[in-house]
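Shown below, as structure tokens, is a lone chain in the form predicted on its own; questions about how it binds or moves come after it.
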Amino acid sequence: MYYDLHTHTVWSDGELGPTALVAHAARAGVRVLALTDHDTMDGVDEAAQAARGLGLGFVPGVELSVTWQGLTVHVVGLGVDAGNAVLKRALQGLRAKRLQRGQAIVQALGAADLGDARPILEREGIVSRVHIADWLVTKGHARNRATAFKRFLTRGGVGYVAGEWAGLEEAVDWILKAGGDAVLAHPTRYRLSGGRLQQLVRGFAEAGGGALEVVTAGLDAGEMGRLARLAHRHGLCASVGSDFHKALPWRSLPGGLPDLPEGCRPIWERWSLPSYAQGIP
């Protein structure tokens, strides 16, 4: 795969540092890479420097947490300016909300006699439920991350705390003001009915969204085809990304995804690519 426009590092909930991620992507055949950590761009400078050293095109990005009709969805910003004042303030606010939720979860777990998880709150990157789930596994309260989420961190669990994030229009506006393109990430993962997915995509397009993530890990050809048609119906470009967090046998690595379906208008056609991919053949 030439492009991978959705990846994560230790600055959010990935396992690799920015330099290691770039090296891993290069070995896998990626030629244009975007770093899109959740609600932070702290790893972008390091990743950009590593990409220059390896001759990779690099796209600065971020994945924003959004609340839409009571559901958490994710919007990726590609080609955004990390120094933009509006976006910087927005990311600070999102990280503060994450920390507040983390504090509430840690307090609830302690009250349930599950132990003291406060050290998680001191990590350098963002605080996410993934980190708390992994802590529950290490303490023997769950056999794996999925079980930890199901038993403790989803609705009805002792550690469940609802997150309230940015609105869809607000998040897209932050990305546009920072000079970027907004991409609705992994649309099938929200498990919406066909009608509600149409409603989400329509609202995203009306808010100024630029693309739908048509190719991502775990989709078959039929699902990608349906997303391609959905993007076309709403005048959206198509994007591709592994949503890479770590190397797992059941999840595609960077560079391990198929091409966009025929008829898609790739998001990168909107860019002046040399600014992202100088020296790429």
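Residue indices: 1-based, along the sequence shown. Only a predicted model underlies this, so the values are computations on that prediction, with no experimental measurement involved.
Just so it is clear, the following notes concern the form predicted in complex with a small molecule, a form of the same protein that is not shown.
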Just to confirm, A82 within 4.5 Å of the small molecule in the predicted complex by heavy atoms? no
* the small molecule contact at A146 in the predicted complex, heavy atom, 4.5 Å -> yes
4.5 Å heavy atom contact, R101 and the small molecule in the predicted complex: yes
Check your understanding: Is V130 close to the small molecule in the predicted complex, meaning a heavy atom pair under 4.5 Å apart or at it?
Key -> yes
Of the candidate stretches 168-176, 122-130, 89-97, 200-208, the one with residues having heavy atoms within 4.5 Å of the small molecule in the predicted complex is 122-130
Picking from R226, H245, R31, R52, the single residue whose non-hydrogen atoms come within 4.5 angstroms of the small molecule in the predicted complex is H245
